[in-house]
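Just the one chain here, laid out as structure tokens, in the form predicted alone.
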């Protein structure tokens, strides 16, 4: 198959280039994801840091550009990946939407605040370019398996849940809010309980109660200065699901008769398996390619990410 879509990555950082390499089994970077799909041609990286940009270009066998204009000179760009720090998303999304590209692939969150996201929403509504946002767990089939089993009645009603995350409600907490929304449906209410600035001065990690149609989840702030944790424990009438190790593994429990107390029910672990989270970036790239070919809907759109951002912004205001 001939190469169809030229890709430029803005940001030669970890998620753009350095979390893995061309020989890695895991697909963790934008560069690796697009390099693995023959429908795409990685033109190169844009970064203001020449040393990082050239190092990334050398690693992935492509070009380094000091600016977007430099990348555009003599090249037809079809896909722009935005892999810069959160505070720069607004600036580069605006620039990318002014380019004649087929699709923009942006890291989450779309912006650091709701005001900037609303400005982008106005611009986006008048543009033809499509935006995919990398809430990575939306590109993992196993989480949709949980969603489908719950919606299909296999688990019964959702009762209650808990979760842990750190490094900011907008930065990492939005991952958890988005994932819970995928599985449990729309967040109906939220009540912030407390907060701590464990990484960002302007993005506190907030303990919060999230109310869904059935039951609620208490997310607890876990200070990332001690260690990183991203877990959820969801209790249903007929099932217990634990999302562990940042979502790389899942435990499931069934309800059984208590072996000790007659007439009581207890939980027994019946499953433990790894998810395909290590391949989420490749799955996201596949979703992009399939969508551009008219074969698949976008799994995480600008509007999905905007909805998540609105919830997280409301949570941040509540402390």
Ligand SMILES: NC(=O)c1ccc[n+]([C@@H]2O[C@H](COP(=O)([O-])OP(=O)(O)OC[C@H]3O[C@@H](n4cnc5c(N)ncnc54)[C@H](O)[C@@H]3O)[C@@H](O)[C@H]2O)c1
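Positions refer to the first chain, counted from 1. Just so it is clear, the structure is predicted and the values come from calculations on it, not from any experiment.
One more form of this protein should be noted, the form predicted together with the named molecule, which is absent from this view; the next part is about it.
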Inset, instruction - Determine which one of 170 to 178, 141 to 149, 233 to 241, 209 to 217 lies within 4.5 Å of the named molecule in the model of the complex, judging by heavy atom distances; exactly one does. - result: 170 to 178
Inset, instruction - May I ask you to state whether residue 52 is within 4.5 Å of the named molecule in the model of the complex, using heavy atom distances? - result: yes
Inset, instruction - Using a 4.5 Å heavy atom cut-off, state whether residue 124 contacts the named molecule in the model of the complex. - result: no
Legend entry - Proximity of residue 46 to the named molecule in the model of the complex, heavy atoms at 4.5 Å: yes
Inset, instruction - Spell out, yes or no, whether the shortest heavy atom distance between residue 303 and the named molecule in the model of the complex is within 4.5 Å. - result: no
Legend entry - Option touching the named molecule, based on a heavy atom within 4.5 Å in the model of the complex, out of 83, 93, 131, 79: 83
